[in-house]
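One chain comes next, on its own, written as structure tokens: the form predicted alone.
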Amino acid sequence: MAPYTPTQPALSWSIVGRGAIGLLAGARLQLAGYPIKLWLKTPEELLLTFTDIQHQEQRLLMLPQQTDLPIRQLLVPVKAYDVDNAITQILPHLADHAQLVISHNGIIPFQPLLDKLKPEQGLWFLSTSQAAYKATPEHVIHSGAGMSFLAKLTAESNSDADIIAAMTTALGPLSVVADIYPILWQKLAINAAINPLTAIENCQNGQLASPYYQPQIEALVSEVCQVATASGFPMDVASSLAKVYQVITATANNFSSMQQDVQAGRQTEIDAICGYVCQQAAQLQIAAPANQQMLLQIKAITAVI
């Protein structure tokens, strides 16, 4: 697609938290000239070491968001279970025409978020396959090149081109789509196949290429495709499986986000991945035993950590 050109000088962006994808986006934005502020539970400066995809290392100073200034552009790259709480806390600090971009794994309902916003405020969803991890709390590494898809969930506005330009810089290459759900279901199939299995097995993604895991992967992906298709988003099992194995190969040396969360004793996004599949399947009266098993196993593991 043709590149977007900002209609005005680089606008300041606020980024919620200090997760790997948020810091990757913040580093790329700051290096491109965008003023960046971090919205943190404990406001503090972050002297970040950023290693880009070419293994070049740079030091960047990121400042905390000032609560007395209205936030006009906000990136919310937090875990699915934290999105609602993060937006609720920031609502009083948003400008009347603020634009919010949320990004997470899995699927959660958008309507409760839309209900919180003023009519003139904008909400976007960004789905990305860019990979990053934190070697230390102050060092983020861009570990895998990917692309992103961006959709606006509210009405068009004059600032849309600037948002698209910024997200192209932050997490591009970027494609703008009218409906994000087909993209989310495709990514859900990948996440449902890779994340819980790597977390349970405590392994890198590449281990799932073993024939041993093929029956489980096929069952998980088949269920996602069946539920997605019944929900109005047709998905082919064979092509979806091919994409899963492409990701397993391309990210063979990576640890999934769920594996990292389980090992660190953190809450996982299983409810927005396998849990969402099970929830939708139940509403459609479709059996999803493979996803149900993954949901229960991850819940059991995290309950005893």
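Bear in mind that the values here come from a model prediction, so they are computed numbers and not experimental data. Each residue number is its position in the shown sequence, starting from 1.
Beyond the structure shown, there is the form predicted in complex with a small molecule, which is absent from this document and is the topic of what follows.
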Report whether the minimum heavy atom distance between residue 163 and the small molecule in the predicted complex is within 4.5 Å. no
Report whether the minimum heavy atom distance between residue 191 and the small molecule in the predicted complex is within 4.5 Å. yes
Touches the small molecule in the predicted complex: residue 103 (any heavy atom, 4.5 Å): no
Can you check whether residue 142 is within 4.5 Å of the small molecule in the predicted complex, heavy atom basis? no
Exactly one listed stretch (249 to 257, 29 to 37, 46 to 54, 66 to 74) reaches within 4.5 angstroms of the small molecule in the predicted complex by non-hydrogen atoms, and it is 249 to 257
Would all three of 268, 291 and 299 be in contact with the small molecule in the predicted complex, where contact means some heavy atom lies within 4.5 Å? no
Find the only residue in 205, 168, 121, 127 having a heavy atom within 4.5 Å of the small molecule in the predicted complex. 205
